[in-house]
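Form predicted on its own, single chain, as structure tokens, below.
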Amino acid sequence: MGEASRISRYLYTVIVLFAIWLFLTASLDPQELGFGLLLSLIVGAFTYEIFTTNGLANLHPKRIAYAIAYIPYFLWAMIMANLDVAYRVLHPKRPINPGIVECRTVLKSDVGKLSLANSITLTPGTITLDVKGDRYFIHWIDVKDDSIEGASKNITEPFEKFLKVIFG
């Protein structure tokens, strides 16, 4: 691996760690900023090899824009799923049709697949049970279509349009 790649991966790791520090401390005090930067530089030196393979390429403006857009999209999906589950629980006839469905993903990176699995599980009414390659096995509270294509269209595809740009 080239020296430029190692430096890129190290700088990216430091930037991410420092951003996490800023988020957690919520302080712009110069002493805290200095300590957070120092800590990020030290921790980054020991962890950059396992932290990223792409380095600064992860900070492409298109990826950042999609990541920012994904947050409200995911929150909206979570709110709508919460309302749907609440309706099903409170309805006198409990209109549920639970089942386990198989979905396929177009995502290739492990981090992208992990993010998809977590997004599915954090959305009420669905739980990712297992992931094998590009196949996801999901418990769905109201199976609308048990075919692989239909389940994928309803469950994985809405998230994938963002995640495939963010994670490649």
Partner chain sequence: MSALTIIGEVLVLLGTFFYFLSALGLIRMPDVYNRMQTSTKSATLGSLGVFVGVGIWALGTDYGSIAWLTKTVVIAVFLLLTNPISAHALIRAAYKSGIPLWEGSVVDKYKEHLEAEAKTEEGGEE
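Numbering follows the first chain given and starts at 1. We call the rigid core whatever largest set of C-alpha positions still superposes within 1.5 Å between the two forms. Note that the structure is a prediction, hence the values are computed from the model and not measured.
Note that the form predicted in complex with its partner chain isn't included here; everything after this is about it.
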### Query
Heavy atoms within 4.5 Å of its partner chain in the model of the complex: which of the stretches 44-52, 61-69, 31-39, 97-105 has them?
97-105
### Task
Could you tell me if all three of Ala86, Asp130 and Val143 have a heavy atom no more than 4.5 Å from its partner chain in the model of the complex?
yes
### Query
Could you tell me if Gly125 has a non-hydrogen atom within 4.5 Å of its partner chain in the model of the complex?
yes
### Query
Is Ser109 close to its partner chain in the model of the complex, meaning a heavy atom pair under 4.5 Å apart or at it?
no
### Message
With the partner left out here, check for me: in the model of the complex, does some heavy atom of Leu114 sit within 4.5 Å of its partner chain?
### Response
yes
### Query
If you line up the core, does Ile68 shift 2 angstroms or more at its C-alpha between the shown form and the other one?
no
### Task
Taking the rigid core as the superposition reference, indicate whether the CA of Ser27 shifts 2 angstroms or more between the shown form and the other one.
yes
